[in-house]
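A single chain comes next, written as structure tokens; it is the form predicted on its own.
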Amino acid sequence: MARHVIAPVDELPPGTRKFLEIDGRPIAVFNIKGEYFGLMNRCPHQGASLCEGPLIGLAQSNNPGEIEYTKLGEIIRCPWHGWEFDIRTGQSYCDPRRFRVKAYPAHVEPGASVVKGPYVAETIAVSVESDYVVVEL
């Protein structure tokens, strides 16, 4: 799996999302309470831009009249027809056996490891003499 650097951490604060295209795929990256998650930005129902929908929670009930609201801000609702998916796993809450959204792992790496990378660059000596820049080839 290829690694893609998305943005500095401070450009994606908690509660935000970033839309991008990677290798022709529409992807959204979410910061949910300091954890990062990637999702395909396409609803499997009819192809809507899924990740433009609201972030909601999950209402669950074990007994009649008792409702527990969990996963606050971790469920994405499709803006077209209201289908709901778990941001962490891509699981559908409309038809979990037939539908899911592709989830992509996302995490934070120290800046030095991202900058260092496996890159090899040609170096050229440069010096400043008076007010001129001189390149030595």
Partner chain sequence: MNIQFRENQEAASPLTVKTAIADCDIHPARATRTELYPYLAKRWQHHLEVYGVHAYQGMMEGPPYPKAQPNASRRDAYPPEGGPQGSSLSFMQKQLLDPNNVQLGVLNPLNTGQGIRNHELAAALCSAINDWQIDKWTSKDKRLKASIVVGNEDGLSAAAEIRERAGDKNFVQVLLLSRNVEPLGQRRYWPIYQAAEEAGLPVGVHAFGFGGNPITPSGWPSYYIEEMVGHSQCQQSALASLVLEGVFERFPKLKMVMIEAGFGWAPSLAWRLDKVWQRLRSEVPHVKRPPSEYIREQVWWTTQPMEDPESREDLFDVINWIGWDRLLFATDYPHWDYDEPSRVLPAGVSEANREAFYLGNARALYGIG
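Positions refer to the first chain, counted from 1. Small disclaimer: the values here were computed from a predicted structure and weren't measured.
The same protein also exists as the form predicted together with the partner chain; that form is not shown, yet it is the one meant from here on.
- Although the partner is absent from this view, residue 33 stays clear of the partner chain in the predicted complex, with no non-hydrogen atom inside 4.5 angstroms.
- The closest non-hydrogen atom of residue 80 lies within 4.5 Å of the partner chain in the predicted complex.
- Residue 99 belongs to the set of residues with a heavy atom inside 4.5 Å of the partner chain in the predicted complex.
- A residue is said to contact a partner when one of its heavy atoms sits within 4.5 Å of a partner heavy atom; residue 18 fails this definition for the partner chain in the predicted complex, lying far away.
- Residues 9, 13 and 28 are none of them found to lie within 4.5 Å of the partner chain in the predicted complex, as judged by heavy atom distances.
- Counting a residue when any of its non-hydrogen atoms is within 4.5 Å of the partner chain in the predicted complex, the hits in 24-55 run 25, 40, 42, 43, 44, 45, 46, 47, 54.
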